[in-house]
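Here you get one chain, nothing else, as structure tokens; it is the form predicted on its own.
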């Protein structure tokens, strides 16, 4: 266990000793040809929370076998080995360095479900190692990382799905059909919101020693050296800029993605992005990301608006989260549980036909995983491709950068620059040595 005093003395060279000695995976961009009876062999990197939720839905398919697990917390690894054995009768290999997992030639697919700041490096290395990838959303913790991950997937011809499971939702497909058929007329405004208690962070507590089971230096990875604090660790890291982007990159990507789906899937950058908010309700909590925020993305002929309120569990249309597509003839209001169409016009002369509240009874996540597995076998694009995940994540990051700079932002995607020098500083994180930002 690292004492607080010793922790402060950890040097870059000591950090290098933790990760040195293992080379990057060998490049292998060839696609495997699967027969009907072939197993897809899976390795999981990041085994808590959504990592385990993902893996359960993977191994629930008869054509999937779990080969290996990787996590920096031995206690989590030990628990997951028991879980996998209980469901499959087989014990997976375990590692705390993802590169050892990628060295296993028998692995076909990697699930990446680490904190956001740890998405980029294993993703790029997995591409080089010839693995297909299911990566949790948001795609990465910065625009620059999103961009390099997109390049890697294309360069090495990998099948990638991002965990924005609404893309596989049957009810969402119905909604998109209504929108694209003009049922509610031209949509010039799309509102998205997400109000959740966890967006408030937690009351501050003193720094402490990390749990004995945790390799905390490796957990920090490319992020800056910082003393351990339980409110910045398992389950609570999202509200700190070094590791996540708060509610906007956590829930925001799911809902912004629905707006982008309606408007054409390709990443068209907004003409301007403006934001207003901050830590207004819970200044005493362990939180860096805004607990209260509004963002407006102006695309010239339509507006995309985001709102969140940490510490609140109610919201517009009696939904704590959701999206409303506002058209000339009516509005469609939706979230994962329900959706409805409310027409414009007088009740006796509505401009379109009302659709009463519909209930979503499907398991979108299981469908999303199955569709990815089918894409791995067919080598066809999955429901939520790397391009789609990239678009949603970059849009969310634009909103956060506007909030942090308090500027009216425009972004030049060709030159990868903003109209604001402070915004340019937030484009790409500075990796802590010996971790190196990937390049091609």
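Numbering follows the first chain given and starts at 1. What you are looking at is a predicted structure, and each value in this text was computed from that prediction instead of being measured.
From this point on, the text means the form predicted together with a small molecule, which you will not see here.
For a residue to qualify, one of its non-hydrogen atoms must sit within 4.5 Å of the small molecule in the predicted bound form; none of 269, 308 and 403 qualifies. Interface residue remark: residue 218 is counted as part of the site for the small molecule in the predicted bound form, having a heavy atom within 4.5 Å. Although the partner is absent here, residue 237 is a contact residue: one of its heavy atoms lies within 4.5 angstroms of the small molecule in the predicted bound form. The closest non-hydrogen atom of residue 252 lies beyond 4.5 Å of the small molecule in the predicted bound form. The small molecule is not shown here, but in the predicted bound form it comes within 4.5 Å of a heavy atom of residue 71. The candidate stretches are 237-245, 167-175, 186-194, 289-297, and the one lying within 4.5 Å of the small molecule in the predicted bound form by heavy atoms is 237-245. Interface residue among 371, 39, 48, 377 relative to the small molecule in the predicted bound form, by the heavy atom within 4.5 Å criterion: 48. A heavy atom within 4.5 Å of the small molecule in the predicted bound form is found for one listed residue only; from 260, 76, 333, 279, this is 76.
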